[in-house]
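Okay, here we've got a single chain as structure tokens, the form predicted on its own, with questions on binding and movement later.
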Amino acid sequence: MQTQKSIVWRAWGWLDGRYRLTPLISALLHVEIPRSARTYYLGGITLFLFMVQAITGVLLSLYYQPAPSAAYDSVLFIMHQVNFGWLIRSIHAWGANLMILFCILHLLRIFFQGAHKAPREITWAVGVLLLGVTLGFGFTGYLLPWDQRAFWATTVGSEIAGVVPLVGQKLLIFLRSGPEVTARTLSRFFGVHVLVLPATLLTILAVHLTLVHQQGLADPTRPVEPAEGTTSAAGQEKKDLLPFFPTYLLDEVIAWYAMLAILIVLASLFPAGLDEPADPLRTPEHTKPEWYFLFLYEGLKLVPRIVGVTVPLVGGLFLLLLPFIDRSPQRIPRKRPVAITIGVATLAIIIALTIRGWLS
């Protein structure tokens, strides 16, 4: 044991002497977090779920075959022939839904705490882009089992893109690699799911984490962010700060363990199912997209299609540019009645449409 420890330290010393790793690790870990910060570990859990998705996705891709003639059988093989294949697939399926859910909750927490305001405008915008990529993961991954539910849910979901003003039909053909959902659609979705989106998310995530590290977390008890270089900014007492390592990092790891336990329980009690093989000639009843697109799907039933697509697009752009539009420095919710009212009303409408779509 002593010899192994000595070898490790010698190897570390060799690397540290050449690449100066100690100052780098110190800069990454020795960050102070406001004691009053209420993150609820939502961002960290989202990051953890992405790591779970990456690991389980790699394991599934060892057996999955992205062709209509083999995709369904390869999923059956994973579920019934591969050791713990059913569990890995179920964890991947539940992890996808929970990753989207926690990413949404993370953005909501930031909005209601006013943590998106200056000087964190770019951090917020990058976070909104991360949500978009996360939704892309869910959308492209849902088709891959190539069963009836996946095929027709993707058909219905992709039809929403076809209603986008001016570019709808071209966007629809680009998504499906043709006018209909076919073998080329499956191949395109698989490539985007395992190559394009992971590379995009890792790049944006690196930018997001760098910005969070450089700017720190917002203190929700401060009505206004103190200006850089002022006495208020520079003189915050040490008792109001917690070290990221080990205090905050330990709490994050505990939250990760709890989420892992929840994932395993959900995957064990409610394993991912598989419908009949996809049949383009037989439309099942009550075809719906996944829950995170249900509000769009239901909204299209209530208003003209052009309105039902244009409003969410404008809303997404507004969400991206929110810190540049809402320039009030106030962060406490009771001092932001207009923003909070609009946020609560929008959230209520989305939830109501989602529930209506789920029950219909």
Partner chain sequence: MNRPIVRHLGFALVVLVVALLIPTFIIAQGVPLIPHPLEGRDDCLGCHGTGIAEFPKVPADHAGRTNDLCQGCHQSAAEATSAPALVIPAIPHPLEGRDDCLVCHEFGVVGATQIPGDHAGRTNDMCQGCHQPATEAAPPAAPPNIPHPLEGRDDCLGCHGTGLAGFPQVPADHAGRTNDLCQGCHQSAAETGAVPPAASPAAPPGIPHPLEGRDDCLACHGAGIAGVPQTPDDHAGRTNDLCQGCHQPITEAAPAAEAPAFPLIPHLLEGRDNCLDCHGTGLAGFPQVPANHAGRTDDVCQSCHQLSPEVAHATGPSPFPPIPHPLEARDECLACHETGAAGAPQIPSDHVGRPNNICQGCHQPEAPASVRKNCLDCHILPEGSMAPEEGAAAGGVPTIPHALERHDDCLACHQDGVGGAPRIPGDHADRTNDVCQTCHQPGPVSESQAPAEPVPTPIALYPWPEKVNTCFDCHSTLGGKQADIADQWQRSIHAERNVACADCHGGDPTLSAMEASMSPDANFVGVPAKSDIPALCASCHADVPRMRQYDLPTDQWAKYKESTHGFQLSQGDRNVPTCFDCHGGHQVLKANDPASTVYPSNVPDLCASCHADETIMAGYNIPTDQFDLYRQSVHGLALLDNQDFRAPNCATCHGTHGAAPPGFAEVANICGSCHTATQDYYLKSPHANAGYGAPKCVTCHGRYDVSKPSEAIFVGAGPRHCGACHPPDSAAGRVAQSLYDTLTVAAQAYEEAEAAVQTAQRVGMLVTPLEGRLREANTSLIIARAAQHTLDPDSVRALTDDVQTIADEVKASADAAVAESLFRRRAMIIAVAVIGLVITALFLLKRELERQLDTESYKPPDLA
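Note that the structure is predicted; figures quoted are calculated from it, not measured. Residue numbers count along the first chain shown, from 1. Definition used throughout: the rigid core is the maximal C-alpha set that superposes within 1.5 Å between two forms.
If you look for the form predicted in complex with the partner chain, you will not find it shown, but the lines that follow are about it.
The closest heavy atom approach of Phe151 to the partner chain in the predicted complex falls outside 4.5 Å. Using a 4.5 angstroms limit between non-hydrogen atoms, Leu166 is distant from the partner chain in the predicted complex. Mapping the unseen interface onto this chain, Ser26 counts among the residues with a heavy atom inside 4.5 Å of the partner chain in the predicted complex. Proximity of Pro246 to the partner chain in the predicted complex falls within the 4.5 Å heavy atom cutoff. Checked against the partner chain in the predicted complex, the residues Glu121, Asp275, Glu180, Asp279 give one hit for a heavy atom within 4.5 Å, which is Asp275.
Just one of Gln215, Ser187, Asn97, Ser268 comes within 4.5 Å of the partner chain in the predicted complex, counting any heavy atom, and that one is Ser268. Listed stretches are 111-119, 70-78, 199-207, 171-179; the contact stretch with the partner chain in the predicted complex is 70-78, by a heavy atom cutoff of 4.5 Å. Taken together, Leu250, Val253 and Leu260 are fully in contact with the partner chain in the predicted complex: each brings a heavy atom within 4.5 Å.
Scanning 11-35 for heavy atoms within 4.5 Å of the partner chain in the predicted complex gives Trp12, Thr22, Ile25, Ser26, His30, Arg35 in sequence order. Residue displacement note: Val338 has its CA displaced by under 2 Å between this form and the one not shown (rigid core superposed). In the core-superposed comparison between this form and the one not shown, the C-alpha atom of Ala11 has shifted by at least 2 angstroms.
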